[in-house]
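A lone chain, given as structure tokens: the form predicted on its own.
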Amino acid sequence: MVDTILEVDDLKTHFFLDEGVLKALDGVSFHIGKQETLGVIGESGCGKSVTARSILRIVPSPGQTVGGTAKLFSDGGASRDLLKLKPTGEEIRAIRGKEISMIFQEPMTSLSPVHTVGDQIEEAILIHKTQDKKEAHQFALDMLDRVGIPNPKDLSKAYPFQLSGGMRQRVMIAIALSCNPKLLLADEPTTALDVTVQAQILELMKELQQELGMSIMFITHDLGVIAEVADRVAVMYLGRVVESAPVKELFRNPLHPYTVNLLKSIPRVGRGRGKKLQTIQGTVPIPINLPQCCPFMARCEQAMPGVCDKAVPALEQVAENHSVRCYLHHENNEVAST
């Protein structure tokens, strides 16, 4: 476990609504190694963002983390279970921003509209690094320069609405990396950016990862981005990991029908005019009072009646570093619920 920075096991986060219990996460398990990038993919509503928020203990009400563990490992091998920490306690507040940072999905709504860019970066530095305001201000300017912001001294006095989408995203990265975290949770960090800016942001994150030696959990629905940045991939569907493999292995040999269909839906050069993109039929169901069967069964063309409808399949290792939650790839198709 010395080479592991975070180990999540059987993580369960539920939202208690009037309509019933919405099981946003229902047994998520994965690990992230040192200086590794884990790509987390899946459609909207599969639990990717809730996973990151659960790790940091910032799940909004009425959500509650009701089970599992999320162990953060130190360099010496000792671990702390983040899920046992009080969400508003001093211990988790000391970890947020310092050891684990997060880039939120939409910078325009995540940044404060009434505080300058410089003040928002300095806030984390004053909490975790130094109490000297002049020193914190210089740290903030250096961080803005590091993420490619021109004229950091002038732009540190600007408000988020005065910046472009790409600039705001760089500011979010500057805030997240201002205290040199061991783990960065990046939730759709390139959403709504044009292709040129997206490429710049991805290149910037890779450079800073090498420079700071940090690990990254990269959440996205863009498989092209995953191919560019990830070392391993965890495919999520309805609050569970349904397949996990090294990125090259996943693209070369996808096993779960959901992963196969995701890869088939990627636009390709040379497909030909007039040909429709392949899509996955149906939509992700709302995870309230779901039947105890394979969650993808209703949308799966390879579903096996009498097998897939009996219980939720377990996540089983089928090859080295390759696991899948599907009866098609279990040795004897036996029902084994997790």
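Note that residue numbering follows the sequence shown and begins at 1. What you see is a predicted model, and the numbers here were worked out from it, not measured in a lab.
One more form of this protein exists, namely the form predicted in complex with a small molecule; it is left out here, but the text below deals with it.
Contact with the small molecule in the predicted complex, defined as a heavy atom within 4.5 Å, holds for exactly one of Pro291, Pro60, Gly282, Gly306, namely Pro60. This chain is displayed alone, yet in the predicted complex one of Ser215, Ser156, Gln105, Gln120 has a heavy atom within 4.5 Å of the small molecule; that residue is Gln105. Using a 4.5 angstroms limit between non-hydrogen atoms, Thr65 is distant from the small molecule in the predicted complex.
The small molecule is not drawn, but in the predicted complex it has a heavy atom within 4.5 Å of His221. Though the partner is left out of this view, Ala24 does reach within 4.5 Å of the small molecule in the predicted complex, counting heavy atoms only.
Mapping the unseen interface onto this chain, Val28 falls outside it, with no heavy atom inside 4.5 Å of the small molecule in the predicted complex.
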